[in-house]
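First, one chain by itself: the form predicted alone, in structure tokens.
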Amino acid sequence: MNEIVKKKQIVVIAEHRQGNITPVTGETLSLARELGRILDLETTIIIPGISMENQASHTAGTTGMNVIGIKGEGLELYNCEAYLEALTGLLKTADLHYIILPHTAMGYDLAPRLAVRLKASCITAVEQLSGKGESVTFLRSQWNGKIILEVALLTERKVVTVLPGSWPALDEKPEKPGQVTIIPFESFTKHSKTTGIKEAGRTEFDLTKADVIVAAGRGLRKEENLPVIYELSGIFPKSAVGASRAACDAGWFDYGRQIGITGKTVSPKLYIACGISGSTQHIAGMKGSQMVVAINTDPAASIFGIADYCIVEDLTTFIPCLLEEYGIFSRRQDSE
């Protein structure tokens, strides 16, 4: 089985959902392509699943990379135990340099376990790549973005996860499609079985299509302060209200409004972050916004590092003042 994956390769573990390769896998392939050019390495894509033949052919055609499909009943839905067995069997004897996954619920669950199995080093949530020749380092945020780590992986094998939004999706037209290989795998999960995936309930709005998003975080402090968020959103056309994971966990919003790695990825014309500290996971979901306004009482909040306008103030003080000024301006406009 080790002959299927050629030596001195980069391997990308693709993520798929409802029969489609996820967009963040395309971003992961962009990092692989950049890394391959620096180190003169080719990339092979691995797709675990049960009916991935069409996915594999399409991916090989659009990327020009070789694709390996691992086919088995236990691989239809992500299950860490099954994926580990399938991938370890294929990769443990291959002389690989890098194994790269998207930093999603699948990626950050699987990557460290796979690193242990393959005796590899591991870095997660990579945001930038730096290096020339054989000297390559990876950059990632730490402590809610307050510091940036530059990490060099010293082992022969390296496992890396890519933070969504850090690289553009791979957009190249290959001269010819890659080769497709499908190999069977007999799953024998002993301790767990994935029986289904339940999506967050759909809501009446679509965050991904909003021109303006007003998002609230832990700085909201209590549910009674929700009206100011909705009032602020209401002054903009094509607007929606979003939230951080902390605000959803507090029960102030349903998870359909969550923005971040485990929520929605958005890129509105205007993003107003209200009481959001700016964790790496949240920023990954909104860093594509054209303009960012951040309101926070902490002048060292990480969200200010990416904001175009930074307002150091309590949101329950600032937003009512803003709404009052807007009301005065609107009345003047009406009178004219």
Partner chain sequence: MKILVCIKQVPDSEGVLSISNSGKGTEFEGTYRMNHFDEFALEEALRIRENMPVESIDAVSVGPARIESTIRKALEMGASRGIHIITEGEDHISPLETATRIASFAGEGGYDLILAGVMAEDDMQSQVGPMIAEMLGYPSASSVICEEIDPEKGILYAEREIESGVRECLEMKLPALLTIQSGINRPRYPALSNVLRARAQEITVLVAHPGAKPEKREEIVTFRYPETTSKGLFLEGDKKEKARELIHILHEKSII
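The structure displayed is predicted, hence computed values, not measured ones. Positions refer to the first chain, counted from 1. Just so we're on the same page, rigid core means the largest C-alpha set that superposes within 1.5 Å between forms.
What comes next is about the form predicted in complex with its partner chain, which is not displayed.
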item: Residue stretch of 45-53, 273-281, 58-66, 30-38 approaching its partner chain in the predicted bound form, non-hydrogen atom distance within 4.5 Å; value: 273-281
item: Partner proximity in the predicted bound form: G131 to its partner chain, non-hydrogen atom cutoff 4.5 Å; value: no
item: Residue contact check: K176 to its partner chain in the predicted bound form, 4.5 Å heavy atom; value: no
item: Heavy atom of K71 within 4.5 Å of its partner chain in the predicted bound form; value: no
item: T155 within 4.5 Å of its partner chain in the predicted bound form, heavy atoms; value: yes
item: Full three-residue contact with its partner chain in the predicted bound form, heavy atom 4.5 Å, for S121, F236 and C310; value: yes
item: Contact residue in the predicted bound form, chosen from D109, E172, D206, E231 - any heavy atom within 4.5 Å of its partner chain; value: D109
item: Residues of 260-296 having any heavy atom within 4.5 Å of its partner chain in the predicted bound form, listed in sequence order; value: I261, T262, G263, L270, T280, Q281, M291, V293
item: Is_shifted G89 between this form and the one not shown (CA, 2 Å cut-off, rigid core); value: no
item: Threshold 2 Å Cα movement between this form and the one not shown at T316, rigid core reference; value: yes
item: R33 C-alpha shift between this form and the one not shown of 2 Å or more, rigid core reference; value: no
